[in-house]
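Next up is one chain by itself, shown in structure tokens, the form predicted alone.
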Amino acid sequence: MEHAVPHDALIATAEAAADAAGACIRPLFRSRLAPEDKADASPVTIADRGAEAAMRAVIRARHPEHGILGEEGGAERPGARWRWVLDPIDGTRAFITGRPLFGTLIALLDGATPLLGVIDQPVTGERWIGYAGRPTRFRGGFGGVAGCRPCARLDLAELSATSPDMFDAAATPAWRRLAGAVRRRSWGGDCYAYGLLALGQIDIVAEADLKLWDWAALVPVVEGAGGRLTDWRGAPLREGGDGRALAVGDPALLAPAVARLAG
């Protein structure tokens, strides 16, 4: 029988894992690594693999009964109730081109529900910590307080997405309908954009082609800051879904954004 672990201990594990990943990533940032292409044509480096291995070691030592799913290393104990979901470098393209718009993502699922989420930017020293039912916490050297800003109108909203390449022929017209209704649009950011949404700098992030390790950690962070993170229909994100994610800082934006995406 699996027993619940106190939330402070789980948060401590997540932070220790983030520290371990950061220790692997920082020395390799802007070091002109030679990336490899994975089967899906996305890049991977020794920093990705080393950081994930370091996080797995931390989790195994503290919670040997928990499952782990990582982008690079696959699944361990997939049937466990508690599963850690890891993306060592979300934004490898940014990492290999020397831009600090990437992050390490650490989530803990209780069954299918994201319970805990961390976004860690190991170069800038910024860290967002979300836990279901608790306010998101933020630490960073550039200022900022966790909390989404009020913005109830699409025509006043700042919209972000990582790249137009993530939208296929079916998703592109929907994204353009939403983009045509907002105040401004910006590209780039990967998980960092969701962190900025949780700081009240961005109002909407609409993306596609996300895997579980891309979004699981973001749910507690965004929702703990007062926002919402759903699929493009406004329903909860789920493992095995279509990969389309919609984050809004002001919940009042959710319905009109969903309506635009639906056409």
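Heads up: residue numbers just count along the shown sequence, starting at 1. Just so it is clear, the model here is predicted, and its values are computed rather than measured.
What comes next is about the form predicted together with a further copy of the same chain, which does not appear here.
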{"property": "Option from 215-223, 231-239, 24-32, 48-56 whose residues, in the predicted complex, bring a heavy atom within 4.5 Å of a further copy of the same chain", "result": "24-32"}
{"property": "Selected contact from 80, 146, 115, 181, since only one has a non-hydrogen atom within 4.5 angstroms of a further copy of the same chain in the predicted complex", "result": "146"}
{"property": "Answer option from 109, 86, 96, 129, heavy atom within 4.5 Å of a further copy of the same chain in the predicted complex", "result": "96"}
{"property": "In the predicted complex, residue 158 touching a further copy of the same chain (heavy atom, 4.5 Å)", "result": "yes"}
{"property": "In the predicted complex, residue 137 touching a further copy of the same chain (heavy atom, 4.5 Å)", "result": "no"}
{"property": "Touches a further copy of the same chain in the predicted complex: residue 196 (any heavy atom, 4.5 Å)", "result": "yes"}
{"property": "Close approach of residue 73 to a further copy of the same chain in the predicted complex, 4.5 Å, heavy atom", "result": "no"}
{"property": "Contacts with a further copy of the same chain in the predicted complex, stretch 181-201 (heavy atom within 4.5 Å)", "result": "183, 184, 185, 186, 187, 188, 192, 193, 196, 199, 200, 201"}
